[in-house]
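The chain below stands alone and is given as C-alpha cells, in the form predicted alone.
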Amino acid sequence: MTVRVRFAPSPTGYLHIGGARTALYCYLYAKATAGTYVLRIEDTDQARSKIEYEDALIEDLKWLGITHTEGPDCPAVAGPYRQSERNNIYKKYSDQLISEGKAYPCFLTEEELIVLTEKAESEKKAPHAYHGEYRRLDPSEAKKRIEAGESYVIRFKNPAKKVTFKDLVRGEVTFPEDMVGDFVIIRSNGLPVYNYCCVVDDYLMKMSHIIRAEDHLNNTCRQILLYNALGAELPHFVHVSLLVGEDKQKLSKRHGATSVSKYKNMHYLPSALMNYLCLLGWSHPEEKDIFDLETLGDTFTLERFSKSPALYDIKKLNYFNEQHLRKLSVEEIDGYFSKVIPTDHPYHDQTKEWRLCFTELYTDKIQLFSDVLDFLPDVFTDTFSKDDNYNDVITWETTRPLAKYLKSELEKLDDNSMPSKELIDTWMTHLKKELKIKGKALFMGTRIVLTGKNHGPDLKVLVSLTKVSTLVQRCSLALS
C-alpha cells in the first residue's frame, strides 16, 4: 500500500499544540513508510479563516521541522490544497449524489427547524428525527422551487444502518443506525460542511490513513456513510488519544500556553517540543524518552499508540528542553542567550571569550534559555539580597578580615578589569597561610563576600567574570 497522510488544519487561529502533535504523527508515519505527507488548508469558515493564520501555521510547522511534500505552497496533481478553491469539486459530487438519489435539496426554514427540534425534544427524540421532511420530494418539484429562488440546503439521505469500522487505535467501533439523521452536506450559501468536503478531499487525494485526535471519532460515522455513497474505499482510521491538562479536561488556553508560536517566542527548542509531544500518546519500542525524531526511521509504527488520554505537563516539557539543550555546543547556547537577554544589557558588550566562559558556567543550571536572566545579577549587580545564610556567615570572626583583605587587593586593580584565576589563587593562598583562614570559613566566607550567596557555580570562574568595581562594592557591603 502506498501511504498518503494529511494534516488538515483550519486557519482560524495559531497552530495548537494538539494540532502540532497530529501533524508530527502524520509526518513521522509518512517518513517511516516512505509515504507522502500532505498539508491541506480547511478554510471553508470564511468569516474566521485568515491568510495570516495560514502563513503563521506553515511557518510554525517549518520551525518544528515538519515539512510537507504537497500543500498550498508546493502544489501537485492532487490540488488545489485550500478547500476554498475546491467548491466546484464539492458541487460536482453533491450533484452526483442528488442524481443517484443519495442526497436531496431540503427547504426547511430556520423557523421550521426550531419548531421541529422543539417537537422532537418534547417527544424525547433526537432532533434529526424530523429533519428528513423533504427526502421524498419529487425531484421535478425540488427543481421548480430552486428555480423560484427558494433557499435550501443539500442533505445526505441517510440509509439508516449501523456503521462499524476498525480503528487502528480504538479497535472495532460501532455507531447505531440512529446516530445521525439526514445531515447537511451543502449549506444554503453553497458552501460545504466539514464532514462532506473532508471526505471528498480525502477520497480524491487518495489518503490511505486518517490520523487525528479522538475528538474526531464521532465524525467518522457521517464520513463512512459518505465514503460508501461515493463508492470509495475506506481509508484506515487512526484516532489518537486526547491531550488533557492536570484537571483531566481537554487541553485549552486555561491550561497555559497552547499555541506553538508562544513556545517559539519563549525560545523552546523545537526538537525538545517535538520529542515530548511524540511521547504523549506513543511510546518508543526501546522505551527511550530522549531521542532525535529524525533517527526514528521505520521504528515509528501505529501499533505503539495508547488509548489513554495524555497528560500535558509543562514541567516535563521543561525537562525535555533541558536534555536537548545539553546536546548543543557552547556557541549555540550563547546564541540563544543573546536572543533572550535584552539588547541594552552589558552582556552584549563582553568579548566572545567572556560570553562562552559565562555560558559554559551556567549551562548545567538552566532548563530554558530564559533562565539565564536569573543568573545575570551574579556578575552584573553591585548589591545583593542578604538572606539568612549571608547574615550568618558574615558574623563569623574570620569573615571580616577576609573581606578587608580582598577589598584591599581588589582596589589595587583597574575598576573595569576582571581578576584572573591565577590572581584569585594567590589571594586564597594568602588567606590560608597568612591569615590562617581555612576550610569552610575560607571557601564559604569568600563566596559570601564576593557573591552574596553561600552556593553557586565554580567560584574562581565566576569571580574572574565579574568586574573589579562590582567586587569592591560587594566587599564594602560585607564590611558595612
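Computed from a predicted structure; not experimentally measured. Sequential numbering from 1, following the sequence displayed.
There is another form of the same protein, the form predicted together with a small molecule; it is not shown, and what comes next is about it.
Contact annotation for Ser10: at least one heavy atom lies within 4.5 Å of the small molecule in the predicted complex. The closest heavy atom approach of His131 to the small molecule in the predicted complex falls outside 4.5 Å. Put simply, His209 is far from the small molecule in the predicted complex: not one heavy atom of it is within 4.5 Å.
At a distance threshold of 4.5 angstroms between non-hydrogen atoms, Tyr227 is out of contact with the small molecule in the predicted complex. Segments offered: 269-277, 359-367, 211-219, 89-97. Contacting the small molecule in the predicted complex at heavy atom distances within 4.5 Å is 211-219. Residue Tyr194 is the only one of Tyr319, Trp282, Tyr152, Tyr194 with a heavy atom lying within 4.5 Å of the small molecule in the predicted complex. Only one of Leu243, Cys198, Val260, Val379 comes within 4.5 Å of the small molecule in the predicted complex through a heavy atom, and that residue is Cys198.
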